[in-house]
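The data below hold one chain only, encoded as C-alpha cells and taken in the form predicted alone.
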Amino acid sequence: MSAPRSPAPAAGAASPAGAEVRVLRDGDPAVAALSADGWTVAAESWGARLRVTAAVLGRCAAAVTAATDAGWELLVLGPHDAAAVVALDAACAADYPDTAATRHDVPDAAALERDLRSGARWAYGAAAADGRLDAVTVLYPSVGREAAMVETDFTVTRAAVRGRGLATAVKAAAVLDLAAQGHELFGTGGAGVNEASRRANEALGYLVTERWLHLLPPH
C-alpha cells in the first residue's frame, strides 16, 4: 500500500471529525506560534522527488527483475484494465492512511478508462501467474507545480502479497517506461505513518524533499 500523490500545503482543511486542520510545512514559523497557542500535531506527511540517473535506472531494473523472478509479470496497463485497477483499489481502500493531505478516493472506472486512453494518466501493474492483478501504480503529468514532472496518483498492493516488493516493482516499471519516453523528474508522497510507502520509494532513489505537519486546534 502506498499513499497517493505528493502532499500540498493547505490553509485549512476539515478533519474526519470535522475539526479545522492546519497543514503547514515543517519549519514554518507559524508552527511554533500555533504550538504556543495549544495546537498539536495530529499527523505528518511528506513529498519526495526522483530525478532519473543511471543509478536510478539500475535500481529500477533490479526491482523489476526481483518481482519477475518471484513469479509476477510487470505490465503496462491500458484502458481495458481500468475495471481491474479500480476493483483492486476498492478492495484496499480502507487501508489507506486518512489524513488532511493524503486522503484517497477510489477512482471512477469510466473516468480512469478515458484517462488511460487519452494519456492523461498512466498505469503499471504486477500480475500473478493466474492473471490476477496484485499491485498497481497510477501516475499523471503534473500541472502547475513543477514543469515536466510525473506525479504518482496512487499505488496499491493486494493485502495478501504485501511485503514482497511489488509496490517498488510497479513504481520501478513506471520509471523505466516513462524515462524511456523522455520523462526525467518524478514526484510522490504519503502519510508519515506509512513507512512502507516511503521505503518503497527510497529504494528506487526518491528523496524526501518536504515534510508537512497536520495541526489540530486546542480542544
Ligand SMILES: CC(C)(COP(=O)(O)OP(=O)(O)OC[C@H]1O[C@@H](n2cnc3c(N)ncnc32)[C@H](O)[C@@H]1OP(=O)(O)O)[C@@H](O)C(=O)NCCC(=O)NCCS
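For every residue, the number given is its place in the sequence shown, counted from 1. Remember, predicted model here, so these are calculated numbers, not experimental data.
As for the form predicted in complex with the ligand, it is not shown, yet the points below apply to it.
Checklist entry - Picking from 159-167, 51-59, 176-184, 22-30, which part of the chain touches the ligand in the predicted complex when contact means heavy atoms within 4.5 Å? => result Every other range fails; the passing one is 159-167.
Checklist entry - in the predicted complex, does residue 97 have a heavy atom within 4.5 Å of the ligand? => result Result yes; residue 97 sits at the interface with the ligand in the predicted complex.
Checklist entry - Should residue 208 be classed as touching the ligand in the predicted complex when contacts are defined as heavy atoms within 4.5 Å? => result Output for residue 208 is no: heavy atoms all beyond 4.5 Å of the ligand.
Checklist entry - Is the gap between residue 155 and the ligand in the predicted complex 4.5 Å or less for some heavy atom pair? => result Yes, contact at 4.5 Å.
Checklist entry - Does any residue in 186-209 get within 4.5 Å of the ligand in the predicted complex, counting heavy atoms only, and if so which ones? => result Result: 194, 195, 196, 197, 199, 200, 203.
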